[in-house]
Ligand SMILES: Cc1cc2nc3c(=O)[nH]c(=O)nc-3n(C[C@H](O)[C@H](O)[C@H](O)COP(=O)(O)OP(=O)(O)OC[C@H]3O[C@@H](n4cnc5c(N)ncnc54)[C@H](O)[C@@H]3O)c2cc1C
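The chain below stands alone and is given in C-alpha cells; this is the form predicted alone.
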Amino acid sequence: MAWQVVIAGGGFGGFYAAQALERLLPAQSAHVTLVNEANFLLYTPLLPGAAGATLDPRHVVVPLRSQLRCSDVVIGKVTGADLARCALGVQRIDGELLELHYDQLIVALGSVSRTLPIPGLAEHATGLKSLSDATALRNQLLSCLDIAESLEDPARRTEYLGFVFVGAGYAGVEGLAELQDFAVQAIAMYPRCRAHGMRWVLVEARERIMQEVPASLSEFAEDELRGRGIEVRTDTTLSAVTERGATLSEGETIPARMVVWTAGVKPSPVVSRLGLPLDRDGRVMVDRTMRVQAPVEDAPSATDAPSATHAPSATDAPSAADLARVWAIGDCAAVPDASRPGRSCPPTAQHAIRQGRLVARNVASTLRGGQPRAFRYRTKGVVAELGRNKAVAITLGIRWRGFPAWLIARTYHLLLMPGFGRRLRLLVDWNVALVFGRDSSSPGRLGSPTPLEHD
C-alpha cells in the first residue's frame, strides 16, 4: 500500500516540498497530496511590482498543477487535525468537509499580516500580503487620483493625495517605492493633482528602515526615498486611523485616504487549531530536522516565569508517536537557525524553499527507515528594489546599491520564478514597462464577476 504524504500549504515551503517528493518517492510507493486555498503559488516578493503596475498581477503566480504533475492538489482551507487518527481536516472550496489521512504530514501554512489594537486600523488600512491586496492598492491609488482631480476644495484634495505606509521592512519599502514611482508617472494625466502635489509618508517604529540590511544600505535606501520627496519617520508609531487620515505617535494627523500596513507577519491562525505545540509567537515548535517536538515541561515553581510555550492540555496532548509523523516549515514554524544559535530562521522565501527541499528528503528517508538531517543554511544575500531602476542588495558578502543592485534583484527573481513560461512573462512585462511606462489602468477586482441585472 502506498504511503500517504499530506502537505498543508502551497507557498514556497509546501510547493518545493511537493516538487522534491515527486522526485524522491516513486508514484507507486507514495501518494502526495498538497492542500492550498488557491490553485497557485504566489511569488510574494513580486507583489510590489504587481501593485506598482510593472507586472501583470496574473504573472506573479504559478499554477500548482502545471508544476506538480504527480501530486494531488486539493483546493480548500485547512480546518484542523486529529493527530491521534493521523487525519487533516479540510473544507473544500465547494464547502464540503474532507478528512485526509496521512503517514507523514508537512505543515507549511505560512503567515498573515500581524496587526495591533490600533483604533481604525482594521477598518481603514490595507495590507500587502496577497494578490488581492496588490490589485486593491493599485485600484485605490488610481481612484484617489480620479476623485482628487474632480474636487474644487484644496483641503479635500489633500486628503486624496496623501499616502501613508506603516512598517519599513522589505514589504513596506518596496511597496512604497513601487507605488510612488507608479503615481509619479500616472499623475502626469491629472493636471490639478500634479499642480497640487502628493504627500508620501513612511512610518517606522525602530531607529532606521530596513533592519534586515546593514546600516550603510539602509541609509542609502532612506536617502533615495527622501530624494524623491518621501517623508521617512523613524522612531514613530501609528496611533489611530480614520477614513480621512492617520494619527502618529508624535500627535500629528496626516490627511490621507490610503493607509498601508506592512508592519510584520504572524503565523496563519489555523496553526493554532492543529493541536501542535507552539512557541510564544504562535509558531510550531520543531527540532533542527523540522520534525515537530513536544515542549519541555519544567517542574512548577512559585517563582517560575510564565511559560514560553502553549501546548495542548494533558487530556488531549498528542503523544510522541503522533508528533513523530508531523513536520513544520516556513513562516509558521520555529526552525532553529544554525547560523544564529538560540534564534529561529527568518521568514524569508529563500529559507522556506530550502526547508521544503530538505523536509522532503527527511520524509522520504524516514519512510524508508533512515535518519533525518538537520537544517543548516546561512543567508546567501538579500535584494530590495526601490523603484526607478534602483535597489540595494548583498550577494556573498558584497554590498550593492543603485542600478547594479537593481539588475541583480531582477536577475535573482527571474531565476527563482518556477517555470520557463512564467520567467518569459516576467521578462516581457518588465521590458514593456521600461519602454512604454507603467499601465495606468485599473485592473478591477480580479475574480469577481459583474452580476447580471434585470431590465
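Small disclaimer: the values here were computed from a predicted structure and weren't measured. In case it trips you up, residue 1 is the first one in the sequence shown, and so on.
One more form of this protein should be noted, the form predicted in complex with the named molecule, which is absent from this view; the next part is about it.
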Discussion item. Quick check for you: of 54 to 62, 39 to 47, 388 to 396, 25 to 33, which stretch puts a non-hydrogen atom within 4.5 Å of the named molecule in the predicted bound form?
Written reply: 39 to 47
Fill in: Among the candidates Gly282, Gly76, Gly245, Gly275, the residue which, in the predicted bound form, approaches the named molecule to within 4.5 Å (heavy atoms)
Gly76
Worksheet entry | Selected contact from Gln180, Ser268, Gln104, Asn362, since only one has a non-hydrogen atom within 4.5 angstroms of the named molecule in the predicted bound form | Ser268
Fill in: Contact of Tyr170 with the named molecule in the predicted bound form (heavy atom, 4.5 Å)
yes
Worksheet item: How about Pro372: is it within 4.5 Å of the named molecule in the predicted bound form, going by heavy atoms?
Response: no
Worksheet item: Quick one: does Gln350 come within 4.5 Å of the named molecule in the predicted bound form, counting heavy atoms only?
Response: yes
Worksheet item: Does at least one non-hydrogen atom of Ala108 fall within 4.5 angstroms of the named molecule in the predicted bound form?
Response: yes
Worksheet item: Counting only heavy atoms, which residues in 360 to 387 are within 4.5 Å of the named molecule in the predicted bound form?
Response: Val383
